[in-house]
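The chain below stands alone and is given as structure tokens, in the form predicted on its own.
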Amino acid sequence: MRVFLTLFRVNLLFELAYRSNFFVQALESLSHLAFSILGLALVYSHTAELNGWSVYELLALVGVFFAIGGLIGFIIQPSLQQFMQDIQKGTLDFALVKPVDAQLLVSMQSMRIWKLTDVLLGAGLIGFSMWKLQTAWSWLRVGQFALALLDGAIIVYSFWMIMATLAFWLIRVENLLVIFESLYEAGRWPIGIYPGWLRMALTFIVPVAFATTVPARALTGRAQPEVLLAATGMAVALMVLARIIWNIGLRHYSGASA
């Protein structure tokens, strides 16, 4: 936590040097959210529900989509893109010689502070949806949602980490991450509306379903215990796999000082 707060302050000072950029990017986030809501309004002007999801349940899903997407844009994407560049330039040495776990350091070295607006907008949309649904809260539901959201964040981070670590062996890894970004856009809709082959791909190959649909189901009280258990198992497995691949990759790294 101390490492995170230190790096957060450094990145915040950098962002404050370009304050107009923060407001422009915040306006972009608001525009993105507005178009997403307009898309929902268009769909629900022709139907009362979509694959069993009411309008406010789907609005909660969009909130989760924005919150997780904001987390990706805030710390995961910029940090791991910087990590891949450091591998290619040989400047990963600077992280490896510091007295802190190198994977931890490269995972939070670069932050886009303005992306926190997406997280806040997503949280606000979730709160509004729950208010409109008149959801009866319970500690069980809150716990299920928190667990599902944590699992989704770990799964997304671990998947990104595994892809980024391939830069120890490959050159154009960025192309794989661009594909993931495109597929993540599918997470703004329930996974159940897609064909079977695409549902499988978005669940087990590119785990978008665990990042968006599963937390939204937990939030609306439709979470299945076996699905939450599977999400937790996948989160632990991917986190361990990411660490194993990281350690193997370090043994193949030849930096500027090697």
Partner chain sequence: MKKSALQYWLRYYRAEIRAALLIQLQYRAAFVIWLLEMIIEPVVYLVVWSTVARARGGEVGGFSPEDFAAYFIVFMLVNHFTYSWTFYVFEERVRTGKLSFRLLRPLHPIHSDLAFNLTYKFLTLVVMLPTGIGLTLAFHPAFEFTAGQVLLAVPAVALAFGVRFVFEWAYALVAFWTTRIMALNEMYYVILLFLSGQVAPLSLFPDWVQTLSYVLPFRWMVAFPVELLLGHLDRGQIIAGFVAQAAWLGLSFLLLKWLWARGVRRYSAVGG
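Since we're looking at a predicted model, the values are computed, not measured. Positions refer to the first chain, counted from 1.
The form predicted in complex with the partner chain exists for this protein as well; it is not shown, and the discussion that follows is about that form.
In short, of 203 to 211, 227 to 235, 30 to 38, 61 to 69 it is 30 to 38 that has heavy atoms within 4.5 Å of the partner chain in the predicted complex. The partner chain is not shown here, and in the predicted complex it never comes within 4.5 Å of any heavy atom of Ile154. Contact annotation for Leu149: none of its heavy atoms lies within 4.5 Å of the partner chain in the predicted complex. With a 4.5 Å cutoff on heavy atoms, Leu183 counts as touching the partner chain in the predicted complex. Using a 4.5 Å cutoff between non-hydrogen atoms, Leu140 does not count as a contact of the partner chain in the predicted complex. Annotation for 42 to 63: interface residues with the partner chain in the predicted complex are Leu42, Val43, His46, Thr47, Glu49, Leu50, Asn51 [heavy atom within 4.5 Å].
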